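Here you get one chain, nothing else, as structure tokens; it is the form predicted on its own.
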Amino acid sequence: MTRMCIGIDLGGTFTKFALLDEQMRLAGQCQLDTPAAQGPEGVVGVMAEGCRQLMQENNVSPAQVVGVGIGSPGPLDLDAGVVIAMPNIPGFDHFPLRDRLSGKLGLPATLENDANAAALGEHLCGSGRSARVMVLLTLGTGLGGGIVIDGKVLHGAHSMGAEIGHMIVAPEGELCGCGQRGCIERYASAAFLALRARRAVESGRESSLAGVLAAKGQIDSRDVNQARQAGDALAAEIWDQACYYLGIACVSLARLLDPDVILLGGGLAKAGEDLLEPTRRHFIRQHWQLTPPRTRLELASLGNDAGVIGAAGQAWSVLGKR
């Protein structure tokens, strides 16, 4: 009998589901809308429904399922399996998500931070497969991250490890939503790169992005890169500045962890070499001179599937030997 684990990637708009076998191969996937307006009980109901649908569609019986891994936004109390708070879905304050879903399905469950789950997914099935020490940076609306060492996610002493987006790279810099100043999230995420471009245009800086803002009412990171590719000086400056700060963060991670590889993922990483090449250049320029850089900077490869694969992988790690 083939054994499986189910992974769940809980998002504010969609919830993704995947089956992962013992060889870490995807055996099935599906996706359902997240009923955020129905609160935690409605969300748990859809999570249970998605698991049952996934099993039915792939002819997997509950007896074959070792357990269910949940990747969730946080902060989380991982030991207790509790969501402390969830910004995008109301009503999840101190909610026992792990045990509530486990009770509905009659299956054991694990709970993991969604960024950590994505890092584990890249380690198991993506660009970090050969790495003993691996870091994932997810560059989107914010800047998330995860660290995997010897196949295990780094959680820290208080389940708050790998909050890489809140590494300070510009002391006394911009105020972050976390209350610190100068966090890398404010300088290298897709959302804040776009915000810096908009501020510059609204302050009167000359740029083709002024036409984009007038036409769309907003500027996104893709607009900045397209303008940069077309020779726009302001767009090139802002893009390079984000890569500069990202390079600083990667140097700090290299000094602290000596990882085999730092992977760049998330929406901003869809720019591919346009992001990777200048970030590598700044990383090498700012790297210490004692030895050449040995940490590689690469693009993540699993895209939006990293989190759901990692959630299932965490279930295998915790529950697979029981």
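One-based numbering along the sequence shown. Please read all numbers here as calculations on a predicted model, not as lab measurements.
A second form of this protein, the form predicted together with a further copy of the same chain, is not displayed here; the remarks below concern that form.
Proximity to a further copy of the same chain in the predicted bound form, taken as a non-hydrogen atom within 4.5 angstroms, holds for one residue of 241, 141, 226, 159, which is 159. Taking a 4.5 Å heavy atom cutoff to a further copy of the same chain in the predicted bound form, the contact residue among 80, 168, 213, 85 is 168. In the predicted bound form, no heavy atom of residue 235 sits within 4.5 Å of a further copy of the same chain. At least one heavy atom of residue 179 is located within 4.5 Å of a further copy of the same chain in the predicted bound form.
Looking at residue 152, you'd find a heavy atom of it within 4.5 angstroms of a further copy of the same chain in the predicted bound form.
Mapping the unseen interface onto this chain, residue 30 falls outside it, with no heavy atom inside 4.5 Å of a further copy of the same chain in the predicted bound form.
Between 94 to 102, 205 to 213, 247 to 255, 192 to 200, the stretch whose residues reach within 4.5 angstroms of a further copy of the same chain in the predicted bound form through a non-hydrogen atom is 247 to 255. Within 4.5 Å of a further copy of the same chain in the predicted bound form, a heavy atom is found for none of 34, 65 and 309. Shown here without a further copy of the same chain, the chain has 132, 133 in 118 to 142 lying with a heavy atom within 4.5 Å of that partner in the predicted bound form.
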